[in-house]
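Encoded as structure tokens, the following chain is the form predicted on its own, with no partner shown.
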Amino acid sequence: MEIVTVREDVWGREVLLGVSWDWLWVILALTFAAIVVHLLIMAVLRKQPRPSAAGKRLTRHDNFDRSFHWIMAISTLVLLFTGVLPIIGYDFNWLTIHWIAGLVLTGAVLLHVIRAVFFQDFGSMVVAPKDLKEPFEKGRKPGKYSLAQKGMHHAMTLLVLVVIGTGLVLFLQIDTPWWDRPNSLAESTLGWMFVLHGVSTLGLVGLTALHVYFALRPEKRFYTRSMISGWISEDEFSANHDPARWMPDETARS
């Protein structure tokens, strides 16, 4: 199976066209296999009683951060659908929707980075050496975010930044309401942009599917609820977090 696709230019030289989209089916198959394996493992393991959602409510995500999350999530899904569906045969007028979603994602990520670095506890999302002990020490609880959550966040961050960076370069090469297509990039450079954009897109397809799967897991749904409503219960907090590493404020009931 080819990793990339190429063609010959007018001088007979090979020029990159982009990533081979045959890899999409490999990524989907591997993601499906990972989900099935996890389902089987969780079915074998003894089920622990889930903590109650009743009682005192503690704030996990405020309104601002939840809004950012859903704007980024929706724009990423729009980008994936508009980018991938035409490749697998669903032809529609996708390009304008695609670059608008890309600009929305770019703006949201930029604001999110500024807020995380200057107005929040940036270190709470960074993998620290003590986080690496979580899988090996029974009963060890994380702070606000677990090692798995931090790992997923770092992987998504890397892929999204590559998608945005290459996407902006490609955006500058198309017709828009503000400029005509300039054709200013060399074919070799344009090819590498398509390769990197495609590889990061394939990575996002797999990670997004895994993210949705874990968000729907019964034992993880309280995290999904907190991204919608903002809160977790005191019992959910005690069962999953170390108060010495993270202590949220109480949420006023609406």
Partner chain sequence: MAAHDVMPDIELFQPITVEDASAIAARLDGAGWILAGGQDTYGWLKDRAKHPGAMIDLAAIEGINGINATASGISIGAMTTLRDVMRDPLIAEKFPILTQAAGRVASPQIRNQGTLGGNVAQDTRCWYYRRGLSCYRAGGNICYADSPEGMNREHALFGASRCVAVSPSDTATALVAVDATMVIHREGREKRVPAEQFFIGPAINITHMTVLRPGDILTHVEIPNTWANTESYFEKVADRDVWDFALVSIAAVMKTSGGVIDDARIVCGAVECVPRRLRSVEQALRGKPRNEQTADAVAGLASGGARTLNHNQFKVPLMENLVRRALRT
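Residue numbers count along the first chain shown, from 1. Everything quoted here is computed from the prediction, not taken from an experiment.
Beyond the structure shown, there is the form predicted together with the partner chain, which is absent from this document and is the topic of what follows.
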{"property": "Partner contact for F68 in the model of the complex: the partner chain, 4.5 angstroms, heavy atom", "result": "no"}
{"property": "The partner chain contact in the model of the complex: R181, any heavy atom under 4.5 Å", "result": "yes"}
{"property": "4.5 angstroms heavy atom contact with the partner chain in the model of the complex for W94", "result": "yes"}
{"property": "D121, heavy atom within 4.5 angstroms of the partner chain in the model of the complex", "result": "no"}
{"property": "Candidate stretches 188 to 196, 40 to 48, 56 to 64, 213 to 221, one within 4.5 Å of the partner chain in the model of the complex by heavy atom", "result": "188 to 196"}
{"property": "Partner-contacting position among I100, I174, L110, A128 - heavy atom within 4.5 Å of the partner chain in the model of the complex", "result": "I174"}
